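Coming up is one lone chain in structure tokens, specifically the form predicted on its own.
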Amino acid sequence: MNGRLECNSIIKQYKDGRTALKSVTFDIKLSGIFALIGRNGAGKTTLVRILATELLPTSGMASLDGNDIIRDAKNVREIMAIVPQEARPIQWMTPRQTIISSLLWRGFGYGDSRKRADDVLDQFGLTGYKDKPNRFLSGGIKRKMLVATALASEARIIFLDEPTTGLDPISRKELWDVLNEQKKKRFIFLTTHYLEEAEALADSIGILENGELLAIGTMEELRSKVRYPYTVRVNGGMDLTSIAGVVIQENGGYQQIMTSKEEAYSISKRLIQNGVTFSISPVSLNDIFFFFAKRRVDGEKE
């Protein structure tokens, strides 16, 4: 689909004085999957609720496909669907009834709603649960059903706020497969604190920390901002203060070193000579996240 998601200086302050978002600004294409990553409390849910017209910003503006989220809120709601983090299905309804009622509310006919519900339940492997009351379903099954409800619509924009929370590894992988297929025909805005999930699914990624957007881009663009293509993880104590790169101290006595290919080779030789256990790999999203988060903290201390 064409169009863009634009955020310009979005700020959200609550009455208790807490600032959840601090002048968040970005501009991305409404295409593929965009993953917003960050720790719990970073402001991910607040931003999603603002973009989905559930919450007003304190200041700033945003638009979806040319529709202002405040002035054109009705238009925004017609082209998007959302699965909030706190969403819970109606306990006395079944998954099939839940999806059908949602589609009827969106304006689909009854026959079309029934067919769409059956198709999406089959796609998610939920056919065996379709007529069981929601109160008897596990948390993971309920979560999959809620995502299926959003995807059953014709919404061109889907907001999924930590959709895989509570899912077992197999169910999570099944949902990844569905989202990878769905992104071919709609835009999916995904929030997650699972960095491997964002790396596996996203076409572009934003890093949110304490209400600030620290970086945004594709994996390759984020790697270029970090500047160091390799990471060396060292187990044990060794003086590495003179190396060319970034050293991150981890729990358990580990040191994470982000550096160049040449420096990684030099460090590896020294570690082997000293009998120190280590591993070396290309920079991952986990490394990138810690790089930006550490730089922000260091900047505050300066």
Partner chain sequence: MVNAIYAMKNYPIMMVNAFVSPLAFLIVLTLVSRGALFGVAVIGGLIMALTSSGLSLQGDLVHFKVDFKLQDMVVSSPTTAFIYLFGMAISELIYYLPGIAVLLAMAFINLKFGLFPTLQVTGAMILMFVLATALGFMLSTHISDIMESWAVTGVVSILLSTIPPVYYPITYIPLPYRYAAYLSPTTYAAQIAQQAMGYIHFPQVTIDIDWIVLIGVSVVLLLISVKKTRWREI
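Positions refer to the first chain, counted from 1. Since the structure is predicted, the reported quantities are computational estimates derived from the model, not experimental observations.
In what follows, reference is made to the form predicted in complex with its partner chain, a form of this protein that is not presented.
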Fill in the blank from the handout: Assert contact_stretch over 204-212, 117-125, 181-189, 81-89 against its partner chain in the model of the complex, heavy atom within 4.5 Å, equals 81-89
Exercise for the section: Examine Ala200 and determine whether its closest non-hydrogen atom to its partner chain in the model of the complex is within 4.5 angstroms. Expected result: no
Exercise for the section: Give a yes or no for Ala35: in the model of the complex, does one of its heavy atoms lie within 4.5 Å of a heavy atom belonging to its partner chain? Expected result: no
Exercise for the section: Using a 4.5 Å heavy atom cut-off, state whether Ile100 contacts its partner chain in the model of the complex. Expected result: yes
Exercise for the section: May I ask you to check whether Arg223 falls inside a 4.5 Å heavy atom distance of its partner chain in the model of the complex? Expected result: no
Practice task
Indicate whether the candidate residues Lys15, Met93 and Leu104 are all in contact with its partner chain in the model of the complex, with contact defined as any heavy atom within 4.5 Å.
Solution key: yes
Exercise for the section: Taking 4.5 Å between heavy atoms as the contact cutoff, choose which of Ala52, Ala264, Val234, Leu30 touches its partner chain in the model of the complex. Expected result: Ala52
